[in-house]
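For reference, the chain that follows is the form predicted alone, supplied as structure tokens.
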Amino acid sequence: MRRIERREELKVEVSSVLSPYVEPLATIKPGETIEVETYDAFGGVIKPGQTYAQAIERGIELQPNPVTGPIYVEGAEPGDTLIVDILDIELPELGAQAVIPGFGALEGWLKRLESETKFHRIEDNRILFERKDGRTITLKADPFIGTIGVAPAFEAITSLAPGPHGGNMDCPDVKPGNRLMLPVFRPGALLSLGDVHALQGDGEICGTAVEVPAVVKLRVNVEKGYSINWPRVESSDEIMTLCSARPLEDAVRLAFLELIDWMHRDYGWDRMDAYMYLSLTARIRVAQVVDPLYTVAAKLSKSLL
């Protein structure tokens, strides 16, 4: 099995975009299983002995949300769907989280936020959250890929933004055991990923989760001639569509439109039946409300199909 290493030198115009104009880092064949090394969302700048505030004071430029890629998938063409089976995520022993002034869902609501950094130890698949009063809360790790996507058709998009191409969706369902489906806009798809989270709650409310570098094991395939409009996820017991927009209600509407289309096309549902049925049975997850566009997952249990 091949390992694709992250870039040694981080440059914004290469490492922090999903772009059709960046030279591929590697080429793989459909059906190939690979391991991908990723940076954390801070580009390795925030670490023990250097908080976010200290990095800024020292004049260190933060690398925004670097991704590893692009990875060229042989045979992928516009109009196809890229199939990414997420097999495993190898976590380090420490993760970082930060409150960044000017960023986060409660900026200007909670108070004028000051910078704060917290480091979380990761032991035996557990996150150790240390409170300021000295008490420690143990949380089960639930790692997933925060940013994963393909190159858009014509433009380079910051890796901080989600969209039809995938990108910074920050959806906890993009995790080991699940399958992610992405529309293909360019030859080779040009897959990139990074921003792994060891744990995140819905909304990612303060703007960051337990941010970690990681090794992600994937199997990548191509479904020829099958096109989708937005990313989709399939787990052992659910199908879900991931859509991003502002305002938040537009992300909800787009996710349900895509889910109705999926039910009609693949499961034989009449569209109006599906519309009414989802009003009785669907669930939604607000994945994040901190990125340039907000991300919602609309879900339906397979048992109800």
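Residue numbers here begin at 1 and follow the sequence given. What you are looking at is a predicted structure, and each value in this text was computed from that prediction instead of being measured.
Here the subject shifts to the form predicted in complex with a further copy of the same chain, a form of this protein not shown in this document.
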Among 223-231, 94-102, 176-184, 74-82, the stretch whose residues bring a heavy atom within 4.5 Å of a further copy of the same chain in the predicted complex is 94-102
With the partner left out here, check for me: in the predicted complex, does some heavy atom of Ser279 sit within 4.5 Å of a further copy of the same chain? yes
Does Glu114 make contact with a further copy of the same chain in the predicted complex, using a 4.5 Å heavy atom cut-off? yes
4.5 Å heavy atom contact, Lys118 and a further copy of the same chain in the predicted complex: yes
Just to confirm, Ala141 within 4.5 Å of a further copy of the same chain in the predicted complex by heavy atoms? no
Counting only non-hydrogen atoms and a 4.5 Å cut-off, give the residues of 1-33 close to a further copy of the same chain in the predicted complex. Val12, Glu13, Ser16, Val17, Tyr21
